[in-house]
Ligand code: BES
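Only one chain comes next, encoded as structure tokens, the form predicted on its own.
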């Protein structure tokens, strides 16, 4: 899809679908594009308004074919909801929904009219992102694709639209889709070593990233016993992917670490998962995929802070060599762990990654992981659970998530939760029992973060859409990529 800006008058734009924002009647702002439709529609707009056919509800669309006075083939009223709630995040989803509708209706090129009030840089970026995210499909491996029209062109009609904002939106949208591509791959095609190859290919294309991949021998030499314990049951070798970005002119000595869990397939190990739904466990590497996507965008947008992604990649399999409940492993930091449940494996690979990031000079750390079912019970599929040992750092990230329209909720991490993780046989147990499962998992990670400012994001409920949305198909969401990029860019 080609995404461009245009200054053409709305009436003269030759396009398959011309999108004009329609807000709900109460509090509807006066906009030049909507007034232009009213003036040229020969009473059509008055009719659909008075009949209640088009009320401006979010994602609602009303189509006029061959509108008089416009070069467009279709004039589409795109429901934008209540004006007081409209922002760049709403626009992103609205554009995604409009793109998916256009594909289903046979339009190959789409133009969005943005009035001056909604043509700032954040809106331009969001519109480009929304188009790319809405255009994404999950049928890569189908021999016969689902019937739909390919969107060739998406234009944003805005006076004095910012080309830099447009390019930023394209970069971030493409990077989020890279993450979705990785998450969408099945476990037989995306093993840990293949994920490393994909990271190398991304970095080679970017041109200003350094990639290092630690193999099993190197990790054993370092003492990553916690990570290697998870990997020992699989015939697919583990690896540890490190992607480094160094700014040409750093603004400070800060070093941001992005740490992503990448279990390329999770059977649960000896503590095996139920068969129902296990096929989705290919998405257990969504945290690592988000870091790879974020690094692609960071390389292109060039923030002034050093950023390194740390992606421990393993497959958690059942086999004769698999880790057993009751095993005790020693982590890179020297702390011993009693493995009470082999399906609580994500935290075991993350603690070695956190320790390694600290040894590499990280001053601030964010990890993202599809870590617990408990976070889905607590927050559903709406919010990411956010845990931290540093309120100021968490505040920065939550501001980025709000700006980017990614819902995150601050969860507790009181010291009293440490009691749930006591073990009589090792320094700590890898699970804390039934209660507060997402919190005890986060507290387990906190033991390794220590005093370094650190945030844990549990994305188990948000990394995979269980059903299609108007703006996005069922499957991988690419959650957190936009937030991580904004965090780095606003450092």
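Positions refer to the first chain, counted from 1. Quantities reported herein were computed from a predicted structural model and do not represent experimental measurements.
One more form of this protein should be noted, the form predicted together with the ligand, which is absent from this view; the next part is about it.
Student: Within 4.5 angstroms, counting heavy atoms, which one of the listed stretches 321-329, 164-172, 372-380, 89-97 is next to the ligand in the predicted bound form?
Tutor: Contact criterion met by 372-380 only.
Student: If we define contact as a non-hydrogen atom of the residue within 4.5 angstroms of the partner, is residue 123 a contact of the ligand in the predicted bound form?
Tutor: No, residue 123 is distant from the partner.
Student: With a cut-off of 4.5 Å between heavy atoms, is residue 266 one of the residues that contacts the ligand in the predicted bound form?
Tutor: Contact check for residue 266: yes, within 4.5 Å of the ligand in the predicted bound form.
Student: Within 4.5 Å, heavy atoms only: does residue 343 come near the ligand in the predicted bound form?
Tutor: Yes - in the predicted bound form, heavy atoms of residue 343 and the ligand come within 4.5 Å of each other.
Student: Just to confirm, residue 73 within 4.5 Å of the ligand in the predicted bound form by heavy atoms?
Tutor: No, no contact at 4.5 Å.
Student: Decide yes or no: are 103, 107 and 135 jointly within 4.5 Å of the ligand in the predicted bound form, with each residue judged by its heavy atoms?
Tutor: No.
Student: Of 352, 129, 284, 367, which one comes within 4.5 Å of the ligand in the predicted bound form, counting heavy atoms only?
Tutor: Here the answer is residue option 284.
Student: Just one of 431, 64, 439, 54 has a heavy atom within 4.5 angstroms of the ligand in the predicted bound form, so which one?
Tutor: If I apply the 4.5 Å criterion carefully, the residue I get is 431.
Student: Between 442-465 and the ligand in the predicted bound form, list the residues on our side with a heavy atom within 4.5 Å.
Tutor: Result: 460 alone.
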